[in-house]
Each structure stands twice: as C-alpha cells, then as structure tokens.
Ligand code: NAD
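Next up is one chain by itself, shown in structure tokens, the form predicted on its own.
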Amino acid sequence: MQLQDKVAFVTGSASGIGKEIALVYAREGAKIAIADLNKEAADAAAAEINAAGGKAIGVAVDVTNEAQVDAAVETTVSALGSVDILVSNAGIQIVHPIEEFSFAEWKKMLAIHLDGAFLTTRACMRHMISSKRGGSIIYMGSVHSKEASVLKAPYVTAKHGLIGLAKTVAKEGAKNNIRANVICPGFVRTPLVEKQIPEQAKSLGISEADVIKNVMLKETVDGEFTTTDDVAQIALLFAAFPTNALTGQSLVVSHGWFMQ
C-alpha cells in the first residue's frame, strides 16, 4: 500500500489513462478525487472504486475555469481531508496543418493543457504548503514533450511547455517537500487516440491501418501501443517516491519511440 492515507486529485480521470491511474492509486491505498468535465462519468468511476473497497468521490471541473478548479480542490480537501498528489491529465486533441488551424482551436488546446495544469497546480500547491504534508505533482506530457509530429502544433507546444512548468514547480516546491515530474507516454490506445486515427488518415491521405503502422508506431522498437497500465505504473512511481531526489524530471514511456 504505497499510497496509504494519501489523497490524489486526478483530472480527466473518468476514462482512459486518468481512470487507470486512479484505479492503481486506489489499490495502493489512496483516496481519489475523480475530477472530470463529465460529472456522471466521474461519479461512475468513483462508484467503481468505492465498490472495490476504496474511497473516491466524483468532482465536476472544467480545468480552464479558475473558479471551478479552486472549488473542486476545496471540495476534495473537505471530503477527503487533504490533497497530496495532483495528476494533471485532462487533455484533448485537434489535428490540422498549421495553415488550417484556427486561432480559437489553438487557444482551446493551450487552455486545456497549459492553463489547466497551472490552475490545478496552484490550487493544490496552496493546500500542500498549508498542510505541511508536501506532495507530488505529476503532469501528463507525451513523447510530444520531446519530439514533434505533423498536424499537432498546439499539442506539441503545450506538451513541451509542461516540462518547463514542472521544472519551475520542482524548484519552487522543494522547500515545502513538493515534487513535480512529467510522464511522457507514446501512443496509448485511448478514445483520444482512436479519434485521431481517421482524422490523420484523412489529413495525410492514407489508410487508417497505415496511420497506425507507419505514423503512430513506426518508431517503436516492437510496433506496440503503450498501455494505460504502463503509464499508471510510472504515475505510481512518481507519486510514491519519498524524497526530492526525483523531481523536475520527465520520463518517456513509449516502447522506444523516443530514447534520451
């Protein structure tokens, strides 16, 4: 039970990678706030954890809304007692060539990925500092935090930005025993990625099978998707690590797509 008596606020956790992280954390003893735009889905994910003997609540939040973020974190602290772990995971994907990207879509992507990371970080850090319990802040980056792909200008920009934010939080948070790190997965077959396959096929003029084989998985060592559990195990490592020795880092989990 590596996270016994810890409280985790996990955004975008009603499905996909976020849900898997929440389930792994719950099995390791953490109490979970399933923070998601979809309140019904958040409540369902929380009910699943509670039915298995864990402790979770569903919290509705738009991570780009300052008031909603602050309220969601306050609700979490009131209901569960503290906030010790933030997993900033909420995200979307929009793909276009740069010349076809609308400014509104650009701003939407950066707002969800970067503004959301900042707002949730600020809200959680305030409680981590006042409680004197320290904490772990984990950002869901991507191989695109290190590398670029066509059609994804705002996504690549935002994911690179998370590394800069994490490094700053690591330096500022150290005196309060707050660590910050970034997980950088390769392609994980979540609904977000499933949606991209036909979109990229259309934009690139190739088949969906070719998108998977020759775009998404071309640079991996084994032609395999990264799994949600692969990512969740790294999230557990970052959350449970006991000292500031592991902070300000980014770890790629991609079947060798990107090696550093």
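Residue indices: 1-based, along the sequence shown. Fair warning: this is a prediction, and the values are worked out from it, not measured in the lab.
The same protein has a further form, the form predicted together with the named molecule, not shown here; the description that follows concerns it.
The stretch that touches the named molecule in the model of the complex, counting heavy atoms within 4.5 Å, is 83-91, out of 83-91, 99-107, 124-132, 172-180. Although the named molecule is omitted here, in the model of the complex none of 95, 154 and 210 has a heavy atom within 4.5 Å of it. In the model of the complex, no heavy atom of residue 76 sits within 4.5 Å of the named molecule. Shown alone here, residue 142 lies within 4.5 Å of the named molecule in the model of the complex, counting heavy atoms only. Residue 187 belongs to the set of residues with a heavy atom inside 4.5 Å of the named molecule in the model of the complex. In the model of the complex, no heavy atom of residue 221 sits within 4.5 Å of the named molecule. This chain lacks the partner; the member of 61, 235, 46, 26 within 4.5 angstroms of the named molecule in the model of the complex by a non-hydrogen atom is 61.
Contacts with the named molecule in the model of the complex, taken as any heavy atom within 4.5 Å, map within 97-120 to 112, 113.
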